[in-house]
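Presented as structure tokens, the chain that follows is alone, the form predicted alone.
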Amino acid sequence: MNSPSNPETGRSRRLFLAVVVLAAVATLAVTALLINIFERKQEAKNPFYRVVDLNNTIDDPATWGKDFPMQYDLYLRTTDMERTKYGGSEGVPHSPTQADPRSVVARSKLQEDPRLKAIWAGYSFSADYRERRGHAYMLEDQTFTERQKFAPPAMCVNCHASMVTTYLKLGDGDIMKGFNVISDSHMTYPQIRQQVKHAVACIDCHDPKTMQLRVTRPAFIEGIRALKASQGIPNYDVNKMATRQEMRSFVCGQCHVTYYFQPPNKRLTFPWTKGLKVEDIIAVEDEQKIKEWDHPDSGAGLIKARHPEFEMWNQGVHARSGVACADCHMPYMRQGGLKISDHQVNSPLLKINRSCQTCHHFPEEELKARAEEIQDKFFNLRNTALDALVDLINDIKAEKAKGATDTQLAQAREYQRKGEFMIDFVMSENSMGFHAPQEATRILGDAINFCRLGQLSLHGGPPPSHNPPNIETVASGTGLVGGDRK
């Protein structure tokens, strides 16, 4: 006769089975987690897979994209036109023509601010000057700008096209020699344009075998060597001596700089032999007797600033803190198990969480407001400076019409040359003062003063003085400000 089942025994069996099931589930979960971790670690060990054997003859970014699809996908997004308050671009419809097949262009800065036409009168920038679009458009927009009617130097292409293969081809495998060939042969822009195919791309910043960052622009190699020599570091080789963090700015500084074309062959030159400040650059161009055009109204011989983001960034707190261009404009991002740089290359204000909040632990809206406040103040002071410059030009023009001689106008023209370049320097720099707010304000203040001194020189004012009158008296305590009052 079978004994009745023990309820306690049944409960124990069910509890045991539950524990076994839970243990099995936990084991499977832990196993899956470990497999996932292992896979991600393997991904991190192998950041790319060789599909194409890249080398210095391949400049098509689409080919590089076969090995680096995530970076290439982001690079393609440089076609996006998204504005911040003071930057970026909005597409403006354009009727295609045989001379200019574009159906969309960027907004004209000349239409937004006619004063720019006045200060650049007689020069190519008075014909066409637009908001910058993304890297994908840099070669196209240069090719079809109205400034082409002014026959720009061939080396304007240096910052807009993928140049490595072209330099190597022209120089029989030597980039520096290829760079010199373009100048020495007196190539025209249309001639060099036929030899390039792509906008600045992967090959211009990366070694095709190791993917290490590299500088490929001879003008920067020479410029940074001259700058380092002025700092007591002779024979500087940027590709051997720069740190990786420095290279994350230097590869940008290959193009985001100001420059001039050295006569007689219009060789592209970075004016850094005395330093990177605006006064240093003016001193170099004065020493080299550089004059890009004569202003038709004032008669002043002028020089043009291009896009000195690198120079201005160097004067700011981010550079002093070791923050590179790429830290803000190409911040790291996660894709799967990989950490990659964001190759969309746009304004940090469009990705504050990755660009700014890594260091600044404040809400996005607050950080955006801080940046825009800096830009607002710069924009207002810039407008004052432009008004002062236009007033000086008009005054010189008026005195010239009254019969003033070149000797009588020489001092005012010299003030125009300096003041105009300084305003242009911070205005053409693409951060609206943000890269170095204090330096940008100082430059605009000095530029306004130069315009004032130029007007005084026309009307018999006192001898120019950078400092306020009676500064020594004030400092010694006998004036109304400072010192011990007795």
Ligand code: HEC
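Since the model is a prediction, treat every value here as computed from it, not as a measurement. One rule holds for the numbers: they count along the sequence shown, beginning at 1.
We do not show the form predicted in complex with ligand HEC, though everything after this point is about it.
Peer 1: Quick check on S355: any heavy atom within 4.5 Å of ligand HEC in the model of the complex?
Peer 2: Yes, S355 sits close enough to ligand HEC in the model of the complex that at least one of its heavy atoms falls within 4.5 Å.
Peer 1: Even though ligand HEC is not shown here, does S457 get within 4.5 Å of it in the model of the complex, heavy atoms only?
Peer 2: S457: no, not in contact with ligand HEC in the model of the complex.
Peer 1: Within a 4.5 Å heavy atom cut-off, is F434 in contact with ligand HEC in the model of the complex?
Peer 2: Judged by the heavy-atom cut-off of 4.5 Å, F434 is in contact with ligand HEC in the model of the complex.
Peer 1: Any chance M241 has a heavy atom within 4.5 Å of ligand HEC in the model of the complex?
Peer 2: Taking the distances in the model of the complex, the answer for M241 is no, it never comes within 4.5 Å of ligand HEC.
Peer 1: In terms of non-hydrogen atoms within 4.5 angstroms, which of the given stretches 319-327, 282-290, 167-175, 395-403 touches ligand HEC in the model of the complex?
Peer 2: That would be 319-327.
Peer 1: Looking at K197, R115, K277, R132, which is the one with a non-hydrogen atom within 4.5 Å of ligand HEC in the model of the complex?
Peer 2: Checked against the cut-off, the match is R132.
Peer 1: Note which of N56, S428, N449, T441 lies within 4.5 Å of ligand HEC in the model of the complex, where distance is taken over heavy atoms; exactly one does.
Peer 2: By the 4.5 Å heavy-atom cutoff, the listed residue in contact is S428.
Peer 1: Report yes if all three of M155, C159 and H360 come within 4.5 Å of ligand HEC in the model of the complex by some heavy atom, otherwise no.
Peer 2: Yes.
Peer 1: In sequence order, which positions of 244-277 have a non-hydrogen atom within 4.5 Å of ligand HEC in the model of the complex?
Peer 2: Contacts from 244-277: R244, R248, V251, C252, Q254, C255, H256, V257, Y259, F261, L268, F270.
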